[in-house]
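Form predicted alone, single chain, as structure tokens, below.
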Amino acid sequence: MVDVEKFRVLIVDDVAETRENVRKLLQFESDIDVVAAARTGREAIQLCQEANPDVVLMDINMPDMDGIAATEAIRQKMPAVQVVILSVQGDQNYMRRAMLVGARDFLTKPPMPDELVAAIRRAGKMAREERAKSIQVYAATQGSPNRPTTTTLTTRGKIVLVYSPKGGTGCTTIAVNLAVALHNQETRVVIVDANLQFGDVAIFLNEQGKNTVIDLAPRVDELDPEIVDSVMIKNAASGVHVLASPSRPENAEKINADQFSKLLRYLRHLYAYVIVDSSAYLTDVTISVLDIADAIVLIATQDIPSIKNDRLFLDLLLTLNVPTDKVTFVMNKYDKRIAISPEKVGENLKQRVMAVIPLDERTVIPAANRGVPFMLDNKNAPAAKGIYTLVEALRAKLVKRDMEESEAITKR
């Protein structure tokens, strides 16, 4: 389970190599957890609201919005969050401007490891103190912050469909590990098994609860948070909630597309992310998810049938009027010995491959057999690094879509 004592860190830098180097540097610190990474200042502002970090490691020089402007915006929206500026420029003027907008610390790049870790711990402690003060003020004026309120259903999480039109490409493996990677104490995640006949999500998490989607979908019009909570399988190891597929294949017929889509729309108000794992066959249920999904993680492998089916699926999205910019394209089980490269596949399908998950049988197969996602106990494995890349790409995609929607509304 996630250690609540860890300092939660968001890395912001427009250079992918720098982000990865900082992540690697911090992964050995038992009290620090890198919860997200952003490529731009605007993306950092959005991710701060989603990932709720204690500390932001902020680069200054970025293309869309510099780190000082982003720091000011973050501090205005989330005063408890502490920002540590990282810059190749050791100029006193930069330092002064950073402090004026509320930065907690200023380090010259590349920082010494001990210096960076110490700065994060100082800033993290300050963030916790600020949050504690806010809770005390809230308690004094409103009552207990833990008291249930009628505003529970005003939030709107993201529905993410993980899909491949060809079986055997690793959909369930990616869906489960993606859910684990996205989940934390403030960002609740549920994974829903939409393979209603032969779903394996619960098995991949070593769960065999009696409750399944059949206990919620038929009564979707009378749901409340307590009912949902009573049905969910709570995976203790990861904290992720699981809505399993029916225990018998014939029970799949008891759930229709309208019920399933209504259920997902309800769950998005209770969870930050609703991850949906689906079978390759395009059932009415799966098609209903396409319509309401905020993002589609489309998986390909290095074989012609998989690539051909992905092309047909992308054509189908156009027919169904589903925007193809919802798609985050992933190559799974990548083997460098095979000539079909991610770049060639991306060019062929006119969809850039956003994440490459390498062939890693020593990690993936034992994890599935044990029912322990590799994102829990093998975070340094090649496959796990691919999942981290997917998380970053997916968040960036969602942030971009949100910004575009906001701008469209503003222009009306």
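None of the values given here were measured: they were computed from a predicted structure. The first residue of the shown sequence is 1; numbering continues from there.
Same protein, other form: the form predicted together with a small molecule, not shown, and the subject of what follows.
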With the small molecule left out of view, which of 357, 345, 68, 47 would have a heavy atom within 4.5 Å of it in the predicted complex?
-> 357
Identify, from the list 104, 333, 183, 158, the residue with a heavy atom within 4.5 Å of the small molecule in the predicted complex.
-> 333
Flag residue 62 as yes or no: does it have a non-hydrogen atom within 4.5 angstroms of any non-hydrogen atom of the small molecule in the predicted complex?
-> no
Hey, in the predicted complex, does residue 361 get a heavy atom within 4.5 angstroms of the small molecule?
-> yes
Residue 110: heavy atom within 4.5 Å of the small molecule in the predicted complex?
-> no
Indicate whether the small molecule has at least one heavy atom within 4.5 Å of a heavy atom of residue 81 in the predicted complex.
-> no
Go through 335-343, 228-236, 315-323, 171-179 and give me the stretch that gets within 4.5 Å of the small molecule in the predicted complex, heavy atoms only.
-> 171-179
